[in-house]
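One chain follows as structure tokens, the form predicted alone.
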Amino acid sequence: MAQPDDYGFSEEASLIKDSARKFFKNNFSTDKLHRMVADNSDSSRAPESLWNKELWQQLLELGWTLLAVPESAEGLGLPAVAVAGLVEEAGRAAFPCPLLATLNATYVLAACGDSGNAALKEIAEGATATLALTNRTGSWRLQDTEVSATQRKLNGTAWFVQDARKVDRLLVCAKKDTGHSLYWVASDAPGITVHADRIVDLTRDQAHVEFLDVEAEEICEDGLKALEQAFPAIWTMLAADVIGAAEWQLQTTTEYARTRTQFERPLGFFQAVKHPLVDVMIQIDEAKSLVYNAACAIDHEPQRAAEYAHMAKASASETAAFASSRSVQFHGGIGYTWECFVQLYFKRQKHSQLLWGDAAWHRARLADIVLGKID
């Protein structure tokens, strides 16, 4: 099936994106973000999970976590391009919340077929969730999980679990004698211990989760197949988050270059500033096009979704690095301070750059698809 010329970005998708931008503009300024997560500059402080639960409840009432839930599970079942538009705006606001983690779990559960419907209905009713898949080395090979399952009891540790202290449920990939299955378990179930990780990103939290004889519900017997089907959406949504944050970095830095003067000229007058900012804009436009191309493929051309999603995440990872370095550099000395807002986005982008694979990893996987794997 060919993709539509406009990526399938309907009036409804545009309305969701616009309403999300207005919501964050009216309710969650960058100043509020800074006060929330950067009030304490002590580098030795314990890892924190700081977020506005009241604002999150408003988000739930708006139905944003329902967007990717299929209609068969009492969700809205909207196209991936509509969800990407929402995630882009959440990234622009750098809003600390489990939205992206819950969407990731939603796409995996949807790939499980009818067996995932009960868990999807929990998400439709307001439950939050995150994926627990990765081993201690950070391998993105899904079969490398360190969690094992025996008679529906989980043992082991899942590493690099995103927003683990904000969610109600964990979707765990565990190995057993017959392969790898997915399990659905409450985040506070007996036998679960959440160990907070110290990470640079102040807008998210991360943890490694230990399982000790934890009783869990088996959702999908062929977990690797479901994950493989869902990961193009996961990569694409993270890339959309990066694009939103990069646009904030570009707009904020451009405004600073207009107002900050040096040698009786605005900084933006100098080619050494204006030309790199144009390069950032071009990089963002490239990545954004690839993001919506990948999202459109999920909706209309699923056989190419993985290929396009690898392209989107590779480009977004490079955009995250480039936009971050330029934003800090062109803010001059203040750009390196704790008080400057750009540090929040710099740190969020560095986390996103590596999460679920960096540019080199995705290009290697893309080469496997286009050229074939080399033994």
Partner chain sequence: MSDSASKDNPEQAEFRQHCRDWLCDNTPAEPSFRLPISALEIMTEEQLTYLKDWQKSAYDAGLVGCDYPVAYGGGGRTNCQRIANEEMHRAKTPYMPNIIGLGMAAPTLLQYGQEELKKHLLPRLFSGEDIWCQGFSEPGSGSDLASVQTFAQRDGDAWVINGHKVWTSLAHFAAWMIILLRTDKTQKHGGLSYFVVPISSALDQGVSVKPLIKMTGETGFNEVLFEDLEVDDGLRLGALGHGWQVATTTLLHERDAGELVTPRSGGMKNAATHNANTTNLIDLARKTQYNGKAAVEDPLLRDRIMRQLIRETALEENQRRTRVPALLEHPARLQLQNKLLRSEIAQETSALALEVAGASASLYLGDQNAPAAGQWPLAYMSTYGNTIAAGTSEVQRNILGERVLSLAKSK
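Residue numbers count along the first chain shown, from 1. Quantities reported herein were computed from a predicted structural model and do not represent experimental measurements.
From this point on, the text means the form predicted in complex with its partner chain, which you will not see here.
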ask   = Looking at 93, 227, 124, 250, which is the one with a non-hydrogen atom within 4.5 Å of its partner chain in the predicted bound form?
value = 250
key: Contact residue in the predicted bound form, from 128, 181, 254, 206 (heavy atom within 4.5 Å of its partner chain)   = 254
ask   = Would residue 311 count as a contact of its partner chain in the predicted bound form, using a 4.5 angstroms cut-off between non-hydrogen atoms?
value = yes
ask   = Even though its partner chain is not shown here, does residue 354 get within 4.5 Å of it in the predicted bound form, heavy atoms only?
value = no
Residue 218, heavy atom within 4.5 angstroms of its partner chain in the predicted bound form = no
ask   = Can you check whether residue 19 is within 4.5 Å of its partner chain in the predicted bound form, heavy atom basis?
value = no
query = Okay, which stretch from 343 to 351, 47 to 55, 303 to 311, 65 to 73 lines its partner chain in the predicted bound form, with non-hydrogen atoms inside 4.5 Å?
reply = 303 to 311
task = Decide if the three candidate residues 7, 271 and 373 all line its partner chain in the predicted bound form, where lining means a heavy atom within 4.5 Å.
result = yes
inquiry  = Could you pull out the residues of 283 to 315 that have any heavy atom within 4.5 Å of its partner chain in the predicted bound form?
reply    = 284, 285, 286, 288, 289, 290, 292, 293, 296, 301, 308, 311, 314, 315
